[in-house]
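This document starts with one chain, in the form predicted alone, laid out as structure tokens.
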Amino acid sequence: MTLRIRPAGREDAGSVLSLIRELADYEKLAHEVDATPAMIEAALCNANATTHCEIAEWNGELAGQALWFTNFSTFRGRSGLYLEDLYVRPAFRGRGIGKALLAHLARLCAERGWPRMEWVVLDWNQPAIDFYRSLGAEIAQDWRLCRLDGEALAALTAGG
């Protein structure tokens, strides 16, 4: 059995979106997905792409992905890696693929001199929380994700 991790290319846009939809379904957020393959391709494959995706293949089969972008820490004065999505298909779980994807991203951080990698996890997703803790990840209790979208974003855009 072989695991291969590689950067997503133009030809992977449909597969990337398929995995995004599977994750959204698991998170009970499928109704929020309005991305298209063309949007994913444009985000990942333009000349100035800031969004990246690592594809995990198990014996040549699409097994999972890690979608990420860089962020910046004012405290550290350097960029870091923000993991937007980590997803391993249920049939491939328990084989170390999620850990391998995270280790791959950790190596990217080390190679680029980035001091940290961050992501969020849903508070009800205990299997994911336990997995992240097993890797030494700190689950911050004192930080909350804030988001403006839809009508609230439009209202602020219009002057609040």
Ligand SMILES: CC(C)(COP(=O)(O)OP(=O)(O)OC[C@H]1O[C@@H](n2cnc3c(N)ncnc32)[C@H](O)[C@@H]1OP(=O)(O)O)[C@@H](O)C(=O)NCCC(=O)NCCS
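All residue numbers are counted from 1 along the displayed sequence. All figures in this text were calculated on a predicted structure; none of them were measured in a lab.
From this point on, the text means the form predicted together with the ligand, which you will not see here.
Undergrad: Can you pick the one in Arg93, Arg116, His104, His52 that has a heavy atom within 4.5 Å of the ligand in the predicted bound form?
TA: By the 4.5 Å criterion, the partner-contacting residue is Arg93.
Undergrad: Find the only residue in Cys109, Ala35, Ala43, Val121 having a heavy atom within 4.5 Å of the ligand in the predicted bound form.
TA: Exactly one listed residue reaches within 4.5 Å, namely Val121.
Undergrad: Decide whether Pro127 counts as a contact residue for the ligand in the predicted bound form under a heavy atom distance cut-off of 4.5 Å.
TA: Residue-level check for Pro127: yes, a contact with the ligand.
Undergrad: Using the partner position in the predicted bound form, report whether Ile97 sits within 4.5 Å of the ligand, counting heavy atoms only.
TA: Yes.
Undergrad: Check Phe131 for me: does it contact the ligand in the predicted bound form (non-hydrogen atoms, 4.5 angstroms)?
TA: Phe131: contacts the ligand in the predicted bound form.
Undergrad: Taking the shortest heavy atom distance, is Trp58 within 4.5 Å of the ligand in the predicted bound form?
TA: Although the ligand is absent here, Trp58 would stay clear of it in the predicted bound form, with no heavy atoms inside 4.5 Å.
Undergrad: So which bits of 15-35 sit within 4.5 Å of the ligand in the predicted bound form, heavy atoms only?
TA: Result: Leu23, Tyr26, Glu27.
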